[in-house]
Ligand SMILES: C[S@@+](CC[C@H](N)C(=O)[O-])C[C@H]1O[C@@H](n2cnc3c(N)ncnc32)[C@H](O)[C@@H]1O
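Below you'll find only one chain, the form predicted alone, shown as structure tokens.
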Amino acid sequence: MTPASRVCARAIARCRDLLRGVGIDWGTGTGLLAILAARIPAVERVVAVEYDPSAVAVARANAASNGVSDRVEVIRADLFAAFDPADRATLRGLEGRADFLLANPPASDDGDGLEWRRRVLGTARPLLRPRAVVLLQVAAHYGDTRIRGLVDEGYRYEGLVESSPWVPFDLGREDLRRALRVYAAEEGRGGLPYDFHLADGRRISAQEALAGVGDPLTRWQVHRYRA
């Protein structure tokens, strides 16, 4: 599990009283979040959406080995456009009926790094009931303005649910190095600065982190929104 996955798992535990009925886990990967949600007694079913066909197979196997394959349905889709006709019917059947959405998206390779999250929120919106609960992983380094700004996709922001302590933004990972370059480019275009911290408490921008001013720290976080 990545640090982001761990904080998402804790967020599901913290919000277990809010999760019920039918849910969606977007970008399920190994199926971890869908499996955790399916174990909550009030949750009837989780539709787990994943693009990578090998991950789809892994998630299905993990749901079976954890005894929840009757309540976790894993489908392959690009955002919410399913490849299989039966899966397309499953998603059509969810329109306006899903009670919650879980999502731990990657950083986007364009814009300010939040484009995947905007796409997920925008395309999920027709599937959700009014006042459906959304648990979305958005790390602290994006800054409060960007995090709250995601309500522009048709949601209401309800606050921070779960957070890690300050931990290294691991530049040994290629995906995080690539994300840092995206953030620095956004600052270079005049975008809002990102909010990384150093061990001594100083705050640095993405451009400063990329330039090697210090080892950047972030907090992996999950925030709650309402449809």
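Sequential numbering from 1, following the sequence displayed. What you are looking at is a predicted structure, and each value in this text was computed from that prediction instead of being measured.
Heads up, the form predicted together with the named molecule isn't pictured, but that's what we're talking about next.
Between the named molecule and the residues Val161, Val43, Leu180, Leu33, the one pair within 4.5 Å by heavy atoms in the model of the complex involves Leu33. This chain is displayed alone, yet in the model of the complex one of Gly122, Pro106, Gly149, Gly143 has a heavy atom within 4.5 Å of the named molecule; that residue is Pro106. Residues within 4.5 angstroms of the named molecule in the model of the complex, judged by any non-hydrogen atom, belong to 24 to 32 and to none of the other stretches in 190 to 198, 162 to 170, 24 to 32, 66 to 74. Shown alone here, Leu94 lies farther than 4.5 Å from the named molecule in the model of the complex, counting heavy atoms only.
Of the heavy atoms in Asp110, none are within 4.5 Å of the named molecule in the model of the complex. In the model of the complex, the named molecule sits within 4.5 Å of a heavy atom belonging to Glu50.
A residue is said to contact a partner when one of its heavy atoms sits within 4.5 Å of a partner heavy atom; Trp116 meets this definition for the named molecule in the model of the complex. In the model of the complex, the residues of 61 to 98 lying within 4.5 Å of the named molecule by at least one heavy atom are, in order, Ala77, Asp78, Leu79.
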